[in-house]
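Before any questions on binding or motion, here is one chain by itself as structure tokens, the form predicted on its own.
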Amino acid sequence: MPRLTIDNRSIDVPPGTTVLEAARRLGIDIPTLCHLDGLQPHTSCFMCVVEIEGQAGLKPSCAMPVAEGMVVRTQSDVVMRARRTALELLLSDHPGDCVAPCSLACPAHLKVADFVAAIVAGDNRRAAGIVRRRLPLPASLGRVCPRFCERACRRKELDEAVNIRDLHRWVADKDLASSDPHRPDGATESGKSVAVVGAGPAGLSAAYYLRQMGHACTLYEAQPQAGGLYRCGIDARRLPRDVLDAEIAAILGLGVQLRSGVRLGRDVSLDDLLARHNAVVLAIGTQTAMDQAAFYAEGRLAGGEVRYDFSLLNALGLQPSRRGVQADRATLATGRAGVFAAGNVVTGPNYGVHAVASGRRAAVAVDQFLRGADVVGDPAHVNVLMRDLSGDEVAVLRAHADPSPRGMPDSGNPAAAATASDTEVRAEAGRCLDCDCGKRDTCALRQLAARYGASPTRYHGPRRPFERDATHPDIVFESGKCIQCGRCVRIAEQDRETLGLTFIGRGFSVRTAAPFSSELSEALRRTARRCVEHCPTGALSLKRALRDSGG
């Protein structure tokens, strides 16, 4: 059997084995996009390239047979650069939004298209679960959030943005009023505990996620009640206290302990907290309304900044900055081991969604710290975002959406959303253009782009138009997202589809399509779902109703 060396590790393999197969036997990961076991190699994606000693250029490992004495390098600088370049070229001509603009604009990255689709389907409980994955205080935020999402909504290009804020307020209100409100699943108890100093939106959010991660959590709050600026800085007519209290109670109901009337630096020290707990999250950004007024009067604040007690921070041995505790931007870790800072961003009563997002980020970093993993924060994502859509492209997005104008009441009355009828709410949700990619979370192109640090804006040029073919009963084909990997073409051929798919055109204009201008439903009669399963991008995806039902 031929013996070769891959990344300084030797292996004997049968003749005819490819370099890719040999590497896998050694547990060496070589990325692929066009390769699929059981199909003939296509060698189009350039992701599986490797260096072979004594041979010029890079070679596709999926089609390169091994040879006696071969020496292979799979992760050299030139290989890594080539893979990154291949990804950046694919991303440069990839018309489609990885994540809907509304979700990207939301600091908490609420999955808007998912929860509004659940409303349209009449599944309000599922909608509540989706909302609460990213918004621990959705009913409160639904009354005070400044609608970052709606500013980015593509529906504005037709008439008016979808009333996203009031939709998630309606979902949250209905859930709170139900006999069985949504309760997130929790992980196995870790045996670790965390002190969260400050029970405002950031601290409540951190505690909410830490409990779901299995960590015991105690909130230390200087005021008599939790809520922070939401309680002391927002008029009760705008944010009714019974709504705020109900959402706080739901968080405490997860097993979070609250110790109110305890001020850090007066009643307890940072050293005390570190002795009692395995980690500390500082979420002490806002002071009382009286303190806030005094700070403004003294000219120590610009409008909207977080208000930290800098003398307290100095006493704690933490370096303060103009925006609060000096912390790593990605992980919110401070210079002191086990101490993290949430909420230290420019914010104010209307910007609690930033604090909520910060609390979640802190919880993710603390969880990594407690589990002994590298503290890196949320994993990086690469997002392609379409810009300057043509009228025809907007029409493609509009094709499946309710053409009605914005109809759900947009009122400053905090009770308005809760009293909207189910019919009004479902009609408003139906106006969503569903900009999200059908494979947002599973796209191999997006995952590899993050892994290799590929930039979607490195190369520029005229992009293909955004197209969406929804004529098949089960699947959607967005040809602009196709990277011509040939998987679907080869699958249809292998399974003896009468028509199948084929490549049309040559060079840069080549595209994958049904032959003879046939309908997609004719081309893929038996293999549609298998093609979707193995499509490495969002070019082929299940229709939303089937995705949401698991079917």
Partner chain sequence: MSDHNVKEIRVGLATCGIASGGRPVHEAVHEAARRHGLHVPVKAVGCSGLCHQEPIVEVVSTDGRRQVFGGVRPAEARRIVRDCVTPRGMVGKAMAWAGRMADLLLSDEAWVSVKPFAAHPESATEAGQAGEQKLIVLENCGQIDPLCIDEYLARGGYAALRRCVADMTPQQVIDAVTQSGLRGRGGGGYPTGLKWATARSQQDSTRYVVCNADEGDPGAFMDRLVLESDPQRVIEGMAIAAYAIGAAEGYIYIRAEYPLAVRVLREAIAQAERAGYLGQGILGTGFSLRLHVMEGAGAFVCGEETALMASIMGRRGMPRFRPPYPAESGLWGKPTSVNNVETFACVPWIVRHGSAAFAAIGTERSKGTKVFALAGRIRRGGLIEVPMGTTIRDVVENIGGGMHEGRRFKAVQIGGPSGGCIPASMADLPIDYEALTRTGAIMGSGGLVVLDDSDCMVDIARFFLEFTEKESCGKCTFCRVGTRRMLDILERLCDGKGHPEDLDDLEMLCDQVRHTSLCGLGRTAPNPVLTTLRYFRDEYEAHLQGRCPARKCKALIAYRVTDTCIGCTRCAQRCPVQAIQPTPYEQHTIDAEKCIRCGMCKAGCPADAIVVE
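Positions refer to the first chain, counted from 1. Keep in mind that what you see is a predicted model, and the values were worked out from it rather than measured.
Keep in mind the form predicted together with the partner chain is missing from the figure; the text below concerns it.
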item: Residue contact check: Q494 to the partner chain in the predicted complex, 4.5 Å heavy atom; value: no
item: Contact test in the predicted complex: C45 vs the partner chain, heavy atoms, 4.5 Å; value: yes
item: Heavy atom of Q484 within 4.5 Å of the partner chain in the predicted complex; value: yes
item: Contact flag, V364 vs the partner chain in the predicted complex, heavy atom cut 4.5 Å; value: no
item: In the predicted complex, segment of 144 to 152, 378 to 386, 81 to 89, 332 to 340 with a heavy atom within 4.5 Å of the partner chain; value: 81 to 89
item: Heavy atom within 4.5 Å of the partner chain in the predicted complex - the one residue of D474, D93, D159, E189 that qualifies; value: D93
item: The partner chain: the contacting residue among R406, R458, R125, R238 in the predicted complex [heavy atom, 4.5 Å]; value: R458
item: Residues within 4.5 Å of the partner chain in the predicted complex, restricted to 53 to 70 and counted by heavy atom; value: G57, L58, K59, P60, A63, M64, P65
